[in-house]
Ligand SMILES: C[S@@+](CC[C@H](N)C(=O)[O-])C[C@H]1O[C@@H](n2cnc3c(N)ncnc32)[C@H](O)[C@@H]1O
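What follows is a single chain, given as structure tokens, in the form predicted on its own.
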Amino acid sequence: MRRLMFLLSGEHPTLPVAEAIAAIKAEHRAYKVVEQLDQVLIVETKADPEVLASRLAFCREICWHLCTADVAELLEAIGSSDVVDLIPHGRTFAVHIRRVKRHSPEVDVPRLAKEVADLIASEVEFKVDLEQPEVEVLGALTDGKCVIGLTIARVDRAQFAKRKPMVRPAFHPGTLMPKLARCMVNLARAPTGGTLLDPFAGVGGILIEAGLMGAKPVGIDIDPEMLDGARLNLEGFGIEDYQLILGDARSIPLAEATVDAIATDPPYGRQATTAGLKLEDLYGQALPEIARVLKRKGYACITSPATLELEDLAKGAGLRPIERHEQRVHKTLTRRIHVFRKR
């Protein structure tokens, strides 16, 4: 297995790492975490980095990992290892080094990048191209170390701005932002070609991301106007293979164990309506249905307000808690993002 270096976005303290690992699992690949630093994850895996980059939201680049060293010993580590032998000859070439947050403030980043480039230049034949190099050596300064890799895939992060809720064909103020929706699809381990169910579909924010990632989106909502909006949004982004069902998440009109993954954001915020039900009753009645239609050992990613003890409700429904993340929405609401696995 090769070592992949993920340069993460740092938009949340725990979600970027969890998403990267979940995406590997969704591709049915084994993995081993080698090292985890601030905004950098190094993993041994046979997963295809291009496929992972096409899935991820909270990641910037994926590299072949070359070495990790204390900043003061970086040049010696590069010179005394097999790093140079892994760099292809005869290509246009650039060395870029980035500082993560405020790590290693004493380091002159442009100077360090030049020193690394000069060292490699003494061993490797190349032509410098700082704008569009065929080979990029990428370094990240973090936690007192410099992690070096060869860039092999970039996440198209500009795409998410094109799918913000306010620019979609159908808008609803309670819809998740696309990066979080995509992250949830990954946390649910939705496989390419598999089915992803959202039983509280709304206007389809999660379904859009699932469809663009190669899963078949299946959405259920109790409001026909919401489903009309979801249809407009799915087709507006070129997704043709989908299923929308008018129904109630407390009585899902699907057969037992028929969906591969579930990701959903039930109504609980300022802009949401629960049709007069208490939140605990809404979740308590929906969770057994979610477990019923999910395939054995499948994953469900479900949001809730932090005031609701969702894990206790899920255990009674046959869903085992795997991980939990928190995200502050505004001063009166903290969102929890739960991942469960069907027993």
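The structure displayed is predicted, hence computed values, not measured ones. For every residue, the number given is its place in the sequence shown, counted from 1.
The same protein has a further form, the form predicted in complex with this ligand, not shown here; the description that follows concerns it.
- The contact with this ligand in the predicted complex, taken as any heavy atom within 4.5 Å, belongs to 222 out of 222, 71, 109, 150.
- The listed set 188, 201, 215, 234 contains one residue whose heavy atoms approach this ligand in the predicted complex to within 4.5 Å, identified as 201.
- Of the candidate stretches 86 to 94, 235 to 243, 167 to 175, 116 to 124, only 167 to 175 has residues with heavy atoms within 4.5 Å of this ligand in the predicted complex.
- The shortest heavy atom separation between residue 250 and this ligand in the predicted complex is within 4.5 Å.
- Within 4.5 Å of any heavy atom of this ligand in the predicted complex lies no heavy atom of residue 211.
- Contact annotation for residue 226: at least one heavy atom lies within 4.5 Å of this ligand in the predicted complex.
- For the chain shown alone, residue 133 is not a contact residue for this ligand in the predicted complex, no non-hydrogen atom being within 4.5 angstroms.
- Against this ligand in the predicted complex, the set 257, 298 and 321 makes no contact: no member has a heavy atom within 4.5 Å.
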